[in-house]
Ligand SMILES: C[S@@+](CC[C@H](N)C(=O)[O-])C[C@H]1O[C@@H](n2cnc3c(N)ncnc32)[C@H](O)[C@@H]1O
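Before any questions on binding or motion, here is one chain by itself as structure tokens, the form predicted on its own.
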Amino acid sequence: MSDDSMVEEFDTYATWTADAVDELGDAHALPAACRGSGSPAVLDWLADRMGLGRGARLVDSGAGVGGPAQYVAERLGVRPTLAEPMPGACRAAARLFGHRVVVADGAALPFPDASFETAWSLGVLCTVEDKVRHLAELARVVEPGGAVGLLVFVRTVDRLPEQPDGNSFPDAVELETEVRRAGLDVVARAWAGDLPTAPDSWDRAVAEVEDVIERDHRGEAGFDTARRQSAQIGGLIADGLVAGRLVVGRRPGRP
């Protein structure tokens, strides 16, 4: 992704999201912070297949504003650590949820080997070229036998009519090949579209946050860039050319 597009979509927009939640109230925080990185059904599916439970140490690589990590912290008592390369997103996540957040590239996580029981990366892998390197880092920081969860947007056709700036969509077969090359065994897979959609209240909260952001920032270059990128990807998904793929890998060995 170009530097400008990445900053607008994942950094500037994150700050605006936190500002809008401050205005609308805490009930909007979780849905807004999960935008683009998982509905409740997707997060439940991953949590179940990864074996997440109370006290589990989870690293969220490319955590964005931290919504998915907060979801499993509230629901299951998971102890998340967030790693995110965009400083504005890190500040927004800390404002909204107060979790431990570090500014870090997913290709070079600043954690010792086997320092977490589990890891996940949601909606991130399709934005990087060297996918195996990112996956290998996730495998490195989980203990033997630990699970790695992924939500990856994959292409369902050989060639897309347009390629949104900075995205590199694998197909489902390529994705699993890359997971295995990174040293992980694939233990579960699903299409996100086969799972229940988010409840109306969740979608309504997201829409209200989006309305506040548009009211305050429409016409700004950052707003137009982020919305254009989102609309391109949304169009590919609506046309069935790109789809959310869920994969759980496991590091070989015993914990």
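Numbering starts at 1 and runs along the sequence shown. From a predicted model like this one, the values you see are computed outputs, not experimental measurements.
Only in words, not in the display: the form predicted together with the ligand, which the text now covers.
Checked against the ligand in the predicted complex, the candidates Asp171, Glu74, Asp105, Glu143 yield a single residue with a heavy atom inside 4.5 Å, and that residue is Asp105. Taken together, Pro40, Met50 and Leu150 are entirely out of contact with the ligand in the predicted complex: none brings a heavy atom within 4.5 Å. Put simply, Gly222 is far from the ligand in the predicted complex: not one heavy atom of it is within 4.5 Å. In the predicted complex, Val78 stays away from the ligand, with no heavy atom inside 4.5 Å. Although the partner is absent here, His134 sits close enough that one of its heavy atoms falls within 4.5 Å of the ligand in the predicted complex. For Thr156, no non-hydrogen atom is located within 4.5 Å of the ligand in the predicted complex, even though that partner is not displayed. Contact with the ligand in the predicted complex, judged as any non-hydrogen atom within 4.5 angstroms, is confined among 126-134, 156-164, 173-181, 95-103 to 126-134.
Shown here without the ligand, the chain has Gly62, Ala63, Gly64, Pro68 in 62-81 lying with a heavy atom within 4.5 Å of that partner in the predicted complex.
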